[in-house]
Structures are given as C-alpha cells and as structure tokens.
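As a starting point, one isolated chain is supplied in structure tokens, in the form predicted on its own.
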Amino acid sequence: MYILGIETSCDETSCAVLKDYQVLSNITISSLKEHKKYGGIVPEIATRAHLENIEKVLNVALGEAHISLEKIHLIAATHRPGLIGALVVGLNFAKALSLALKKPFIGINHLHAHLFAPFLNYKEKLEFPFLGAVVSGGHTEIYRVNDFDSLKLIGQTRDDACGEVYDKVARAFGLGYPGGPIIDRAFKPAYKDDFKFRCGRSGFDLSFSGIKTALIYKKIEMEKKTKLDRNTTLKLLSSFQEAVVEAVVNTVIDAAQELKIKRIVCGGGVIANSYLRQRLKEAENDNFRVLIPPFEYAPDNAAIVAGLGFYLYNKSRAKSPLDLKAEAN
C-alpha cells in the first residue's frame, strides 16, 4: 500500500511517500532562513512559503519514489497542533487530493507521529505499551502509549517548551536562531558542572522558564563586573544544557520506572540534540530500552505522518471526513 504524507505544521513543507512502513521518499523544504532575522517563526512567512512550495515538494517526492499520484492509496496530513495558517495549507491540499483521486484521507496529530519515527523502515517492532517522550521546539510531553489510538498524557512542560527555552537563551546571548543546534555545538562536557542550574519539576511535569531566567540573571550579574570571555560563556551554556538534558532524561526514566514500562520511545526536533541522545542511550539498563529516531526523522517531516496514518488505517480503516478542521492546539 502506498501512502502520501503531508506535513505543514510550522516552517517545514514536507511530503513523503511510503510503501507500508518503508520510506520511498521524504522531501522537506524549510523557510527557516526567512525567519532567522526575526529571531523566531513568523506565521505569515511560514504560511506563504507553504503555499509556494507544497506542489513542488509533492512532485519531487513522487519523482524520488518513482510513483505516480494515481497509485497512492491513502493520504495522511497533519491537522494538529501547529500554526493555524500553516496547517490549513497542508490540510486543504490533502483534502483536495483525496477528493480528486477518490482516495481515503486521514488527519494526524503530528506530536503522536513523532513517536512513530523509530518504527519507520521496520527498524523496530511495534509493541505496546511504551512510554512516549516528545521533545521539540513547541512541545515537551510524556505519554503512556497503550496504542496509537490510546495515548494518555502523563507529563508536560508547564511553561516554555524545551526547544523554546534553547531559542530564548541563544537570543539572550546574541547567538542567533534556532538556538538548539548552536548551544549543542558549543557544549563542552568539561564545563557542564561549572555552574549549578536546575529545572523545575512537579511529578512528571517540567518547567524551563526558571532556568532561563536564572541563566540570564547570572549573565547580567557577571557582566557588571567584567565582559564575559569565550570560556565563561561556554561554561554558562554548557551548565545550562547539562541541567536541561538531565531534567528531561531523569523525568522520562522516573516515569518509565513508576509505570513499569520497558520501552521508552522518543521523538521531536530536540531529540536531534547530540548530548540528549547520548544521555538517553546511557540511561538504558536491563529494565528498559530507549528507542531514538534517526536524525532525519527527528524534526517535523511527512514520513512520520504517513507512517502513523498507515498504521491507524491498517488497524481499523480509520479515516477522516473532508470537513476535518485544522487545530492550533
């Protein structure tokens, strides 16, 4: 069965073609360069870019998969959550294709789709239940996943998302946007304990706004005495990343242990962070495994949307009506 996936929840315009769970193509164009000068995503720019790029991306995805549009059996598209204008572009494009081709359509929650990433290309066997951790620029959520149509939210950020706090810290230090990759590249393990920062936590809920404020105040306090040199800046940023990564890892591990779940499945753009990936794998033991997606499937992309769409359709012939609405939250 051939599945077309469409993802336009933020700045990435992405189309993918899968044969069951095998990825034949996964083409993504980002409008990130246009947002950098503003220090964050501008919804109007993202929406306009989706309108300009989506047909081009579709054609490239079909060409790389060596398949015609008429051979597609199912169309899966993100309908929540995300920027409302961006979502509408991809969702309406998918609906139009479904209507024209007379093929079933299914709307997908792309946060849930992130948890499907490790199962693409038959890399891992689907077994339930598992603990799902989505860590991205806009979301930090922990789920008990009994199945992909039965997820229970057990923890989340109470304020800034994990990726969001990286962006805000990078902005405060004048490092540019997006902040996550910049701070990850700057991270020095030798400096990770030079300053003691911590993230707030209540149960399995996390808070990242406090560490952002503490770090910025520490920077201001030190600058009153002398200009920050490169090494001091690296020590501050490395200590920040250490605290954030340990908070995420410890919370996820604690949740798995309390719920007695033997597999942890991770997804989302921040899972591309090299130190977070390292610490998650180091946390594995005889009691549980940690499944981490390949780098190309960590950020928003259409392959994960298509994969989850196929799973839900194949399981129960689930499909969505053509009046399905985009939902920002």
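Residues carry their position along the shown sequence, with the first being 1. What you are looking at is a predicted structure, and each value in this text was computed from that prediction instead of being measured.
Absent from the display: the form predicted in complex with a small molecule. The rest refers to it.
The small molecule in the predicted bound form is not approached by V265, whose heavy atoms all lie more than 4.5 angstroms from it.
Within 4.5 Å of any heavy atom of the small molecule in the predicted bound form lies no heavy atom of I54. Although the partner is absent here, H79 sits far enough away that none of its heavy atoms falls within 4.5 Å of the small molecule in the predicted bound form. Heavy atoms of V270 reach within 4.5 Å of the small molecule in the predicted bound form, making it an interface residue. G138 is the sole member of G155, G138, P118, P129 with a non-hydrogen atom lying within 4.5 angstroms of the small molecule in the predicted bound form. Candidate site formed by E34, G39 and P43: none of these residues places a non-hydrogen atom within 4.5 angstroms of the small molecule in the predicted bound form. Between 129-137, 208-216, 92-100, 226-234, the stretch whose residues reach within 4.5 angstroms of the small molecule in the predicted bound form through a non-hydrogen atom is 129-137.
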